[in-house]
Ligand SMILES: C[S@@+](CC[C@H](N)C(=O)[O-])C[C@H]1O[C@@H](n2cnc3c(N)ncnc32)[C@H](O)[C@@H]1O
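Only one chain comes next, encoded as C-alpha coordinates, the form predicted on its own.
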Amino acid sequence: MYANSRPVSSDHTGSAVRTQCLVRRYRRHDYQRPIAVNNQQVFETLHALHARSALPLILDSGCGNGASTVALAENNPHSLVIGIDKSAYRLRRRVLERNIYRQGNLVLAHADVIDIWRLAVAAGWSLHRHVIYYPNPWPKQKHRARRWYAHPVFPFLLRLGGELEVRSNWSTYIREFSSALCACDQPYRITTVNAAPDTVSPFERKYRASGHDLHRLTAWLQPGGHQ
(Lines give C-alpha, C1' and ligand atoms only; values in the text may rest on other atoms or scores of the structure.)
Protein backbone atom coordinates (compact mmCIF):
# COMPACT_ATOMS: atom_id res chain seq x y z
CA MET A 1 0.00 0.00 0.00
CA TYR A 2 3.05 2.29 0.14
CA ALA A 3 3.09 3.23 -3.56
CA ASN A 4 -0.51 4.40 -3.59
CA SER A 5 -0.23 8.17 -3.87
CA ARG A 6 -2.53 9.66 -6.49
CA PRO A 7 -1.32 12.38 -8.88
CA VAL A 8 -2.47 15.90 -8.02
CA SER A 9 -5.93 16.62 -9.41
CA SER A 10 -6.97 20.24 -9.83
CA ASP A 11 -9.64 22.54 -11.22
CA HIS A 12 -6.91 25.17 -11.58
CA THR A 13 -7.46 27.58 -14.47
CA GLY A 14 -4.92 30.28 -13.63
CA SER A 15 -2.29 31.79 -15.87
CA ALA A 16 1.25 33.09 -15.71
CA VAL A 17 -0.04 36.64 -16.21
CA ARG A 18 -2.31 36.42 -13.17
CA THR A 19 0.50 35.02 -11.03
CA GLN A 20 2.82 37.82 -12.06
CA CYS A 21 0.18 40.46 -11.33
CA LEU A 22 -0.29 39.04 -7.83
CA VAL A 23 3.44 39.06 -7.13
CA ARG A 24 3.87 42.64 -8.34
CA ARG A 25 1.02 43.74 -6.11
CA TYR A 26 2.48 41.98 -3.07
CA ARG A 27 5.84 43.63 -3.68
CA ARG A 28 4.21 47.04 -3.41
CA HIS A 29 2.44 46.30 -0.12
CA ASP A 30 4.18 44.33 2.65
CA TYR A 31 2.16 41.62 4.34
CA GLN A 32 0.89 43.00 7.65
CA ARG A 33 -0.60 40.00 9.48
CA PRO A 34 0.36 40.25 13.17
CA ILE A 35 3.19 37.99 14.31
CA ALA A 36 2.02 35.25 16.68
CA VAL A 37 3.65 35.37 20.12
CA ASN A 38 4.85 31.76 20.00
CA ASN A 39 6.46 32.31 16.58
CA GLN A 40 8.21 35.43 17.89
CA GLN A 41 9.60 33.43 20.81
CA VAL A 42 10.80 30.61 18.58
CA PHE A 43 12.46 33.07 16.23
CA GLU A 44 14.32 34.79 19.06
CA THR A 45 15.84 31.42 19.98
CA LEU A 46 16.70 30.65 16.37
CA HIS A 47 18.23 34.09 15.88
CA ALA A 48 20.43 33.66 18.94
CA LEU A 49 21.62 30.25 17.69
CA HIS A 50 22.33 31.70 14.26
CA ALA A 51 24.27 34.63 15.70
CA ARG A 52 26.41 32.38 17.90
CA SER A 53 27.18 29.83 15.21
CA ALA A 54 28.56 32.22 12.55
CA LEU A 55 27.98 29.38 10.06
CA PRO A 56 26.32 29.53 6.63
CA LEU A 57 22.59 29.07 7.15
CA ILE A 58 20.43 26.49 5.38
CA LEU A 59 16.66 26.71 5.92
CA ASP A 60 14.29 23.80 5.34
CA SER A 61 10.82 25.35 5.27
CA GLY A 62 7.91 22.99 5.85
CA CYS A 63 10.28 20.22 6.93
CA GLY A 64 7.57 17.73 7.92
CA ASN A 65 8.96 15.17 10.35
CA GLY A 66 12.47 16.59 9.96
CA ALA A 67 13.94 13.73 7.91
CA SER A 68 15.01 16.10 5.11
CA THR A 69 16.57 18.48 7.65
CA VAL A 70 18.56 15.66 9.24
CA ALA A 71 19.90 14.65 5.83
CA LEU A 72 20.82 18.26 4.99
CA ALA A 73 22.65 18.62 8.30
CA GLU A 74 24.59 15.40 7.72
CA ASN A 75 25.55 16.45 4.19
CA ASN A 76 26.47 20.02 5.20
CA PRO A 77 28.42 19.67 8.46
CA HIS A 78 29.87 23.18 8.19
CA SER A 79 26.45 24.87 7.97
CA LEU A 80 23.72 25.53 10.50
CA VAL A 81 20.65 23.71 9.20
CA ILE A 82 17.24 24.80 10.51
CA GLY A 83 14.04 22.93 9.72
CA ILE A 84 10.68 24.53 10.46
CA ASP A 85 7.19 23.06 10.39
CA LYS A 86 3.91 24.31 11.86
CA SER A 87 2.70 20.78 12.62
CA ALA A 88 3.60 19.56 16.10
CA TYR A 89 2.21 16.17 15.07
CA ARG A 90 4.79 15.78 12.29
CA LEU A 91 7.62 16.71 14.64
CA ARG A 92 6.32 14.51 17.44
CA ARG A 93 9.22 12.02 17.21
CA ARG A 94 11.66 14.74 18.25
CA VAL A 95 11.97 15.98 21.81
CA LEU A 96 11.04 19.64 21.49
CA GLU A 97 11.78 21.90 24.45
CA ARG A 98 10.09 25.28 24.05
CA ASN A 99 9.36 24.29 20.44
CA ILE A 100 13.07 23.81 19.61
CA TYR A 101 15.18 20.68 19.10
CA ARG A 102 18.93 20.92 18.57
CA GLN A 103 21.65 18.36 17.96
CA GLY A 104 25.01 19.48 16.57
CA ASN A 105 24.43 21.63 13.49
CA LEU A 106 20.78 20.49 13.26
CA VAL A 107 17.90 22.59 14.59
CA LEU A 108 14.20 21.75 14.31
CA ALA A 109 11.52 24.26 15.23
CA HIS A 110 7.76 24.11 15.65
CA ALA A 111 6.60 27.40 14.11
CA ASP A 112 4.84 28.96 11.13
CA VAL A 113 7.23 29.96 8.35
CA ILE A 114 4.92 32.83 7.37
CA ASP A 115 6.00 34.59 10.56
CA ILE A 116 9.55 33.24 10.66
CA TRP A 117 10.36 34.45 7.13
CA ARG A 118 9.19 37.98 7.96
CA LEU A 119 11.09 38.06 11.24
CA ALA A 120 14.22 36.72 9.53
CA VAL A 121 14.07 39.46 6.89
CA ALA A 122 13.64 42.11 9.57
CA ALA A 123 16.64 40.68 11.45
CA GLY A 124 18.80 40.77 8.33
CA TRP A 125 19.19 37.04 7.75
CA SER A 126 21.02 36.09 4.56
CA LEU A 127 20.53 32.45 3.66
CA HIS A 128 23.14 30.27 2.02
CA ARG A 129 20.44 27.88 0.85
CA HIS A 130 16.67 27.58 1.19
CA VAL A 131 14.76 24.38 0.40
CA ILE A 132 11.02 23.87 0.14
CA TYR A 133 10.35 20.20 -0.49
CA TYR A 134 6.88 19.15 -1.65
CA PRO A 135 4.80 21.98 -0.18
CA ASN A 136 1.06 21.54 0.06
CA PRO A 137 -0.03 22.28 -3.54
CA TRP A 138 -3.48 23.57 -2.53
CA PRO A 139 -4.75 22.34 -5.92
CA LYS A 140 -8.26 23.75 -5.73
CA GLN A 141 -8.66 27.01 -7.58
CA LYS A 142 -10.29 28.68 -4.57
CA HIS A 143 -7.21 27.92 -2.47
CA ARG A 144 -4.71 29.26 -4.99
CA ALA A 145 -3.56 32.16 -2.79
CA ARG A 146 -2.29 29.66 -0.21
CA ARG A 147 0.42 28.40 -2.56
CA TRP A 148 3.73 30.06 -1.71
CA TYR A 149 4.20 31.76 -5.08
CA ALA A 150 0.72 33.30 -4.84
CA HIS A 151 0.81 34.12 -1.12
CA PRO A 152 1.31 37.68 0.18
CA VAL A 153 4.42 36.51 2.06
CA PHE A 154 6.20 35.56 -1.18
CA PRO A 155 8.34 38.77 -1.38
CA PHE A 156 9.78 37.96 2.05
CA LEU A 157 10.81 34.53 0.81
CA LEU A 158 12.75 36.23 -1.97
CA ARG A 159 14.42 38.72 0.37
CA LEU A 160 15.97 35.90 2.37
CA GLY A 161 18.27 35.27 -0.59
CA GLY A 162 20.47 32.25 -1.20
CA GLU A 163 20.06 29.28 -3.48
CA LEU A 164 16.37 28.41 -3.50
CA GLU A 165 15.27 24.87 -4.31
CA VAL A 166 11.60 23.90 -4.63
CA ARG A 167 10.46 20.36 -5.38
CA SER A 168 6.96 19.20 -6.28
CA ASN A 169 5.16 16.30 -7.91
CA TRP A 170 2.80 18.79 -9.58
CA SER A 171 4.27 20.43 -12.68
CA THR A 172 1.77 23.32 -12.49
CA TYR A 173 3.16 24.35 -9.11
CA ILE A 174 6.71 24.53 -10.44
CA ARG A 175 5.65 26.26 -13.65
CA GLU A 176 3.71 28.97 -11.82
CA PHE A 177 6.47 29.39 -9.25
CA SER A 178 8.79 30.15 -12.15
CA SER A 179 6.28 32.73 -13.43
CA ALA A 180 6.40 34.43 -10.03
CA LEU A 181 10.20 34.55 -10.23
CA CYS A 182 9.99 36.03 -13.72
CA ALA A 183 7.88 38.86 -12.32
CA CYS A 184 10.85 39.67 -10.07
CA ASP A 185 13.47 39.23 -12.82
CA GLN A 186 14.97 36.24 -11.05
CA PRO A 187 16.88 33.57 -12.99
CA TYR A 188 15.85 29.97 -12.42
CA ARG A 189 16.26 26.47 -13.76
CA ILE A 190 13.73 23.63 -13.90
CA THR A 191 14.83 20.00 -13.94
CA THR A 192 13.46 16.63 -12.83
CA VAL A 193 14.72 14.40 -10.04
CA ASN A 194 13.11 11.19 -11.26
CA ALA A 195 16.46 9.43 -11.56
CA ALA A 196 18.25 11.01 -8.58
CA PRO A 197 20.14 8.37 -6.55
CA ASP A 198 18.70 9.52 -3.22
CA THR A 199 15.38 10.87 -2.01
CA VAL A 200 15.20 13.96 0.19
CA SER A 201 12.09 13.14 2.21
CA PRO A 202 9.47 10.46 2.91
CA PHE A 203 7.08 12.32 0.58
CA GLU A 204 9.58 12.09 -2.27
CA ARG A 205 10.07 8.36 -1.68
CA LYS A 206 6.33 7.78 -1.76
CA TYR A 207 5.76 9.89 -4.87
CA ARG A 208 8.60 8.19 -6.70
CA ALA A 209 7.34 4.74 -5.72
CA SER A 210 3.92 5.78 -7.01
CA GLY A 211 5.37 6.67 -10.42
CA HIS A 212 4.97 10.45 -10.23
CA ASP A 213 7.16 12.84 -12.17
CA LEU A 214 9.21 14.84 -9.67
CA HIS A 215 10.07 18.42 -10.59
CA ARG A 216 12.76 20.72 -9.19
CA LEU A 217 13.09 24.49 -9.51
CA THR A 218 16.37 26.16 -8.56
CA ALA A 219 16.87 29.92 -8.30
CA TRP A 220 19.63 32.20 -7.04
CA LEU A 221 18.37 35.11 -4.97
CA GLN A 222 20.02 38.22 -3.63
CA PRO A 223 19.29 38.83 0.08
CA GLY A 224 17.46 42.01 0.98
CA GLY A 225 16.40 42.75 -2.58
CA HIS A 226 13.10 42.57 -4.46
CA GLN A 227 11.48 45.46 -2.59
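Computed from a predicted model, the values in this text were never measured in an experiment. Note that residue numbering follows the sequence shown and begins at 1.
Absent from the display: the form predicted together with this ligand. The rest refers to it.
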Check: Exactly one stretch in 57 to 65, 189 to 197, 173 to 181, 44 to 52 has heavy atoms within 4.5 Å of this ligand in the predicted complex; which is it?
Finding: 57 to 65
Margin query: Within 4.5 Å, heavy atoms only: does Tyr134 come near this ligand in the predicted complex?
Written below: yes
Check: Quick one: does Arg102 come within 4.5 Å of this ligand in the predicted complex, counting heavy atoms only?
Finding: no
Check: Would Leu108 sit within 4.5 Å of this ligand in the predicted complex, counting heavy atoms only?
Finding: no
Next item on the list: State yes or no: in the predicted complex, is some non-hydrogen atom of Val113 no more than 4.5 angstroms from a non-hydrogen atom of this ligand?
Entry: yes
Next item on the list: Just give me the single entry in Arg129, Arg144, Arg90, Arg94 that has a non-hydrogen atom within 4.5 angstroms of this ligand in the predicted complex.
Entry: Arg90
Item checked: Position in contact with this ligand when the complex is considered in the predicted complex, options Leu157, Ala73, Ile84, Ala120, heavy atoms within 4.5 Å -> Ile84
